[in-house]
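Encoded as structure tokens, the following chain is the form predicted alone, with no partner shown.
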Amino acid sequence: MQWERPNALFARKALTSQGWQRDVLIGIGSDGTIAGIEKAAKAPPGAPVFDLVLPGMANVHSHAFQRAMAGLTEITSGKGRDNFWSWRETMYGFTRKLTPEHIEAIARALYIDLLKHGYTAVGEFHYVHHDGNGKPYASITELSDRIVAGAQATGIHLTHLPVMYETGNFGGAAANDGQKRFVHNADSYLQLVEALVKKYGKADGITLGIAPHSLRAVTPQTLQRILEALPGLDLADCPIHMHIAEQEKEVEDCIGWSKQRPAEWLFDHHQVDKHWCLIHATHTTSDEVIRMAKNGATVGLCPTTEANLGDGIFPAEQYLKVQGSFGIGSDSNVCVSPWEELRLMEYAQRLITRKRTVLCSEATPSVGRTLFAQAAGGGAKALGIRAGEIAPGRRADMMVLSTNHALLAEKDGDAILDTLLFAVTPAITDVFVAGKRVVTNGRHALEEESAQQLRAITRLC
């Protein structure tokens, strides 16, 4: 599908790398990057004119297929034992029903929703590799191909993160029946990654990374082997994403296995650096939080999913005080709005500290500006793309918002982001990915067709 890529767009207000600016002409190069920014400009003939332009948001953590099971796990078992682990069993049962066609259609519908809410890139933490019986498909990349097809059809940038899932728990415990669609050994996983590099290593709109699922799902030997193999696969600087310390039971089991907490073990055994994105990191200590920040890793926070699953609350106040980098993700995709994720991130901190305006600083006193700018920049870093701000040389990933709402019409500067985050539902009219307009006047060209396909799948599943 082809989208329009204008040579320039004009914004009456824009948040650029130089701060808030008025009457901005943003030049877009043929390679999809921002060619230049002219402030105090006039709109040239033919250039689209918008009231408010912001950088696009990166979604660092998505399991696309789970979008179709949203709303199916909110009924109690009646035993008072509903938690992440019981939710996981429901997810396993749902996953067994999905065909490759289902997975592609769900991903396409999800990615359209993400675009319409301001996400311009998505990190797909993809762990469904085999058929419902755990049998490999004829093509090792079958289900990854479906995810790629869904992204390419919609225009969203995809950082594809094939997941290495080997064991059922720490110490090499065998994977259970519900996990058989996910499981690879080291050899087959490296074959998958190599095949993906050959297919998509130079494709537009795709970044490749890897995702060792978690310390409970990958043995130390396999993790070491995969990391050592990356240079030979032309992935020496690729994004590396891993679940870490999401659940208290996970921490307890890790201590029982290694005498160390998950993050502690990872830091002591591997060089965790700017290429790593540690997903959730909910149950981390003060020392671990400091090490994450010093090492340059990004924490991938998914506040809505973490709340939905009863995970807990990441110590974000301390993390931001030590200049930690973070991005946000939609994870189980019960929520597709970055604004809701960021709002919940701040409100969770207010509830546990019983203070207001927690996630900000003297240098940036606005909560909205702090959260939006840091999530956009940290998320882009985690996905391995040059995006996250409107600046020359960065990807032209941008969202356009209406300022017609009475609460927004007269706002300037950071008050705009504070209002968008805490007071109104953002009205996103247009979205650009690598300079191409993929949402126009609030509509995506494929949304009706995709919605019909998603409805059919929910009836079957």
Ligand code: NGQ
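Note that residue numbering follows the sequence shown and begins at 1. What you are looking at is a predicted structure, and each value in this text was computed from that prediction instead of being measured.
Same protein, other form: the form predicted together with the ligand, not shown, and the subject of what follows.
- The candidate stretches are 209 to 217, 262 to 270, 360 to 368, 153 to 161, and the one lying within 4.5 Å of the ligand in the predicted complex by heavy atoms is 209 to 217.
- By the criterion of a heavy atom within 4.5 Å, Ala281 is excluded from the residues contacting the ligand in the predicted complex.
- Proximity of Trp87 to the ligand in the predicted complex falls within the 4.5 Å heavy atom cutoff.
- At the 4.5 Å threshold, heavy atoms of Met91 reach the ligand in the predicted complex.
- In the predicted complex, the ligand sits within 4.5 Å of a heavy atom of Asp331.
- Candidate site formed by Glu246, Thr305 and Leu309: every one of these residues places a non-hydrogen atom within 4.5 angstroms of the ligand in the predicted complex.
- Just one of Trp276, Tyr127, Tyr319, Tyr189 comes within 4.5 Å of the ligand in the predicted complex, counting any heavy atom, and that one is Tyr127.
- The contact with the ligand in the predicted complex, taken as any heavy atom within 4.5 Å, belongs to Gln66 out of Thr33, Thr429, Gln66, Thr419.
- For the stretch 138 to 169, the set of residues having any non-hydrogen atom within 4.5 angstroms of the ligand in the predicted complex comprises only Tyr165.
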